[in-house]
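Only one chain is included here, represented as structure tokens and corresponding to the form predicted alone.
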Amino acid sequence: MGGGLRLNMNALDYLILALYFVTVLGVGFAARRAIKTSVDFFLSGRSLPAWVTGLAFVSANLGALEIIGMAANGAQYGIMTVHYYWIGAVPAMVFLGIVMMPFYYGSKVRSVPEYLRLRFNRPTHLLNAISFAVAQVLIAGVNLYALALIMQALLGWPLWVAIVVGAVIVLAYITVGGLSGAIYNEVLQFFVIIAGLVPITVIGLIKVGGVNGLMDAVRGSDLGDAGLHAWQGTGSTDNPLGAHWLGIVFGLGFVLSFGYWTTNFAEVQRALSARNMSAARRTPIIAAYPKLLIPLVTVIPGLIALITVKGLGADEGDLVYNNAIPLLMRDLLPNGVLGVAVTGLVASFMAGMAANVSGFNTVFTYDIWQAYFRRDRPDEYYVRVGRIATVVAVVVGIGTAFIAAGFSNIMNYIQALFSFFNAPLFGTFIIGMFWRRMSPLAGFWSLLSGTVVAIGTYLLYRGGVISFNSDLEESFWGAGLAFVTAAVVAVIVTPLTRPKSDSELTGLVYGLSDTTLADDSLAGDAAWYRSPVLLGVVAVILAALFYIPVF
């Protein structure tokens, strides 16, 4: 970013930002007092109420990718970006709460890879632990890069200085406060992020003449009328997203979204820290409600930027799509409000990166170090390893931030990563959870072959051997092929190998519940309005209804 993006911040704006940093570090130090054991450090002692874990769940996903990436997609693809929320998030979040959390929370696993070890075997466990750790540091790098871009724009710092400073602040509060430090900060960050984005949307809409003015202007833009519809034109690939409805429903709505929301430990970890089964199941469902409305403060600003920022959509320089939100902040916001918006953006990157780093340190400590290197050490030893792993993750994240710098739309890069890591995992996982005959060896080969196919599809596309209409269409197809490969391999390998006995699978697969699980619900959890099924069904119905005006 050149000098064209420098925001005109004054003392008041800097004061708001500084106050935020002090508060975040304060929360980290306050959380430290509650850390007595490794479960306290990595899973908040499984003691948090559902509204806290629910807001943290949505906030952990409101990272740089979400804010910067979805606004970039709004400017590039128009209203079709809402698919990432209403079909690409909410149904999967509800499914996680109703169907999958009982297995995760009930089996007392500390991570997603640990579930795979119990369900399949150690090779499957190690493969997933390593691929998850790699994915987290790559995605942490994306969040860090986006944070650095903002700090570079605000303060004019060189990119590498901004990357290192951003990393140090996140490092401080997770190393000190563990997951509780991250989660309580995520609740705070949720409100700060929304407070930062609402003024951009409101002032932007006033500037373009309200909703009708915006729609008229989009019709007159390069996107044209197609930029205002979610489903029209998806019978072919002749639409802004370049995607067929089958790709949207199966690739995004099923494989990519279920793969992300139900098996991504950085998200699931928030629900595992809830205080009981009812709270754990409600966590992702509570998060689905704010998720329904987030397009109002990401997609709409993207469209406003398309209209008001002349030349947006350049291949490089200040006018790339990724800068839609920072450019609007520069053009629309008065001082004071600007400080809140900048703080909101900084908060979003820190929330996203904190989720990656806290996921990494847990999986590294429990699933790699404790499982394969140092078995029976005292508890405080593992807390120390977790803190060291946090430092390592941030240092590696600084390196991977420079990989992210090579992509003009970071959302495309991230969707490619999800198709590599999440889609094959979801295929292996969901079949293993519902088909008890699936053998341990089938689990390993399904996961490995699905991953190889997804990466292979991407490399063939990059090398020009096969072609797709857009990078995003490639990740939809790559994810779909990975899922199908995992399923086919499971069906071929299972009959040739030995399954686990029912007694080994109790509480881990559908239809073999663990009767020893005590009912841990608290007074009030049984109230009808706290039913995970009811809350989940309402969220899915709302997601469907929201499509009607933009069909």
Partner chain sequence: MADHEDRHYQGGEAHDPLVDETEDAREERSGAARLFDIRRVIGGLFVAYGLIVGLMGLFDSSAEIDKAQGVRINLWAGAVMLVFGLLMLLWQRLSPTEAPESGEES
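Everything quoted here is computed from the prediction, not taken from an experiment. Numbering follows the first chain given and starts at 1.
Although it is not shown, the form predicted together with its partner chain is what the next lines describe.
For residue 38, is any heavy atom within 4.5 Å of its partner chain in the predicted bound form, or not? Looking in the predicted bound form, residue contacts with its partner chain include residue 38, since a heavy atom lies within 4.5 Å.
Although the partner isn't part of this model, could you tell me whether residue 34 comes within 4.5 Å of its partner chain in the predicted bound form, counting any heavy atom of the residue? Looking in the predicted bound form, residue contacts with its partner chain include residue 34, since a heavy atom lies within 4.5 Å.
Could you confirm whether residue 489 comes within 4.5 Å of its partner chain in the predicted bound form, counting heavy atoms only? Residue-level check for residue 489: no, no contact with its partner chain.
Would residue 366 sit within 4.5 Å of its partner chain in the predicted bound form, counting heavy atoms only? Because a heavy atom of residue 366 falls inside 4.5 Å of its partner chain in the predicted bound form, the answer is yes.
Here the chain is shown alone; which of 470, 121, 232, 237 has a heavy atom within 4.5 Å of its partner chain in the predicted bound form? Exactly one listed residue reaches within 4.5 Å, namely 121.
May I ask you to choose, among 108, 219, 436, 384, the residue with a heavy atom within 4.5 Å of its partner chain in the predicted bound form? Going through each option in turn, the one that passes is 108.
If we take heavy atoms and a 4.5 Å cut-off, which stretch out of 348-356, 456-464, 108-116, 89-97 is in contact with its partner chain in the predicted bound form? Answer to the contact question: 108-116.
Members of 254-288 lying within 4.5 angstroms of its partner chain, judged by heavy atom, in the predicted bound form: If the 4.5 Å heavy-atom criterion is applied to its partner chain in the predicted bound form, 254-288 yields only 275.
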